[in-house]
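Just one chain follows, in the form predicted on its own, and it is written as structure tokens.
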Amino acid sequence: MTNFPLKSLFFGAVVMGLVAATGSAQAAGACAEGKTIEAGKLTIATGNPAYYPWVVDDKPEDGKGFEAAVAYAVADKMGFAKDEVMWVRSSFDEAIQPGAKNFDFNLQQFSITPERDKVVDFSEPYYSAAMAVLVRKGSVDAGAKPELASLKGLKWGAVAGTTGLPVVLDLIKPNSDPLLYDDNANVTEAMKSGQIDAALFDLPTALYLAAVVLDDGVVLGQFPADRTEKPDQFGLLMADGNPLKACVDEALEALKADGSLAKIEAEWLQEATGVPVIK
């Protein structure tokens, strides 16, 4: 066996690593080549305006907020530098309509549903919505905590037939039977009138209701999505038949595999919102 100097071996390993990394980046970029609406650019859409915690200060180009961070992470895996990402705005309803789009993909909490999937394409899920407990400040002042033992003593409301009801019945197991309602609006009104103390919503809805609908709303805590039988899943939305879908899905799978997606979620949907995980 030929004996090479250690320094030469180290240098060779570094060069091989750089070549492999460059080849990987080129492969990622090659996947999207000729498939974006503007050559060499990735055009991403968000809402107008885009709200926290999804986008911070309505500035997705800063990469701050859960969806802004996910967008740049996907772009990077696809071989696009930050200055090759372009942002446009669209309304939620406009985006889910059939037809040509002015973006390569759009993310503004689009739930993947069979009905929508008939007219647009979705990526693999980038977020499975956790179920969150919404209460009013009075319940917190009275001692409610993000702990199962504490939740049992609250008076619960739920929408019949939703994924939240089994969580209330089978996981929380409250001391009294929950009151059932037709929709989220009626549950919220029941909370306003003092008929119930708490209700379960997906985390994005709970954050919105606490900040906008209830004067004294508090998101007490959240259950991890894996504790929900059928969690609401968000996907990147694209025009129906978009050839870029395979590249986007590949990027998302890579982000899941290396733990990057989980870190982004922890940073922006747990730590930044201050919503603790229920114990």
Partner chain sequence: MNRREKYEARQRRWSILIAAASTIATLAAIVILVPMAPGWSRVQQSFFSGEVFLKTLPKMLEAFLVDIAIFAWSTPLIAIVGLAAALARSTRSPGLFPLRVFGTIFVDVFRGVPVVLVIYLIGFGVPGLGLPRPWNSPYIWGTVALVLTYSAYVAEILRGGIDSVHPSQRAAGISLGLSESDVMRYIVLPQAVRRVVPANMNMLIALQKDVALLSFIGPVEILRQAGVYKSLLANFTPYVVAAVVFLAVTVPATRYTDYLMNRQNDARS
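Throughout, rigid core stands for the largest set of C-alpha atoms superposing within 1.5 Å between the two forms. Positions refer to the first chain, counted from 1. This is a predicted model, so every value here is computed, not measured.
The same protein also exists as the form predicted in complex with the partner chain; that form is not shown, yet it is the one meant from here on.
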Based on heavy atom distances of at most 4.5 Å to the partner chain in the predicted bound form, which listed stretch, 78 to 86, 102 to 110, 204 to 212, 154 to 162, is the contact stretch? 154 to 162
Touches the partner chain in the predicted bound form: residue 193 (any heavy atom, 4.5 Å): yes
With a 4.5 Å heavy atom cut-off, would you call residue 141 a contact of the partner chain in the predicted bound form? no
Classify residue 119 as contacting or not contacting the partner chain in the predicted bound form by the rule of any non-hydrogen atom within 4.5 angstroms, answering yes or no. yes
Counting only non-hydrogen atoms and a 4.5 angstroms cut-off, does residue 128 reach the partner chain in the predicted bound form? no
Under the 4.5 Å heavy atom criterion, name the residues of 164 to 189 that approach the partner chain in the predicted bound form, in sequence order. 165, 166, 178, 179, 180, 181, 182, 186, 189
After superposing the rigid core, is the C-alpha displacement of residue 110 2 Å or more between the shown form and the other one? no
Rigid-core frame, C-alpha of residue 91, shift of 2 angstroms or more between the shown form and the other one: no
Answer yes if the Cα of residue 119 shifts by 2 angstroms or more between the shown form and the other one on a rigid-core superposition, and no otherwise. no
Which is it in the predicted bound form for the CA atoms of residue 91 and residue 183, closer or farther than here, knowing they shift by 3 Å or more? closer
Cα-Cα trend for residue 169 and residue 114, given that in the predicted bound form the distance shifts by 3 Å or more: closer
